[in-house]
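Have a look below at one chain only, the form predicted alone, in structure tokens format.
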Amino acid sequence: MYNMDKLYEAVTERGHVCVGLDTAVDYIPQAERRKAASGAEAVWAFNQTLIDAVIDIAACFKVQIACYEELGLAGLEAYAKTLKHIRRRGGMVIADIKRGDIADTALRYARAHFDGDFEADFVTLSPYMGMDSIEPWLAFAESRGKGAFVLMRTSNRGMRDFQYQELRTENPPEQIRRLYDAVGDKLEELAVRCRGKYGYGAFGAVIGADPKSDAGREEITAIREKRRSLFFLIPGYGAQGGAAEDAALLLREGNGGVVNASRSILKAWTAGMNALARPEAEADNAFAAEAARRAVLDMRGAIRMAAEKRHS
């Protein structure tokens, strides 16, 4: 069974929310930072409490490795502990590593992140060195069910610099398509090799949910319709400006994607400070986790309602 099948089932059972653990030290309550022996220990303690608070209502977790690498060896230890805790609690984890190298190097990256101390269920990959940078990872899908989300059409400010470059095709002649569409074609070819029981390939795509215009909504609606065998990791929700209605455009029959949010969940405790009448200096990890749970529930409900409305 592919991990993508398990993720599909997790969405059915627990909703569409992917909790992004892009945990910066300054997201953590001051009292907890003062108590911890180091920034890395503060991050790990915060993550553990938050994971335990939302494990039953989150489809998966996305852990951004850069937030841990910047803390050095202790940070990578916190990263490894975070991955292990999620998987030990029965959750699924996407290692947001965005690797994209070729041949033997890619194989070594795959071994590092699909086995050992940094083992994850999924990784994120960049395809722009070509499909020989993806192939070594695919072997782990075929042998162990592992999965990946490949950058296709993202939600960052510079997305149009390369992803929107126009390509001309010979058949039919003079037809123009985007570079991101060529990536989608290659991913669909992979889906034929590793297709799960729900119709999705073991490798999916990163598709941003921030259209900001009717034209943008039409574009992502067309992507969802065309890429029926690709499961989507959908960034851009919340702090990046994407709404539940935008995310719902990238779902298929209420499934087919997880919607990532990081800051709006990790920092929910700061947004709710006045309503809960607790001074910031007195906030702790339990308080932050309680706020995170409410944020996940609100997000899950909004996406579910938008998806039901779209497919009603």
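The first residue of the shown sequence is 1; numbering continues from there. Everything numeric in this text was worked out from a predicted model, so none of it was measured.
Same protein, other form: the form predicted together with a further copy of the same chain, not shown, and the subject of what follows.
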item	value
Heavy atom of each of 65, 99 and 108 within 4.5 Å of a further copy of the same chain in the predicted complex	yes
a further copy of the same chain: the contacting residue among 167, 192, 222, 139 in the predicted complex [heavy atom, 4.5 Å]	167
The single option of 216, 145, 199, 127 touching a further copy of the same chain in the predicted complex, heavy atom within 4.5 Å	127
Contact of residue 263 with a further copy of the same chain in the predicted complex (heavy atom, 4.5 Å)	yes
Close approach of residue 85 to a further copy of the same chain in the predicted complex, 4.5 Å, heavy atom	no
Any non-hydrogen atom of residue 77 within 4.5 angstroms of a further copy of the same chain in the predicted complex	yes
In the predicted complex, residue 90 touching a further copy of the same chain (heavy atom, 4.5 Å)	no
Neighbours of a further copy of the same chain in the predicted complex among 180-198 [non-hydrogen atom within 4.5 angstroms]	180, 182, 183, 186
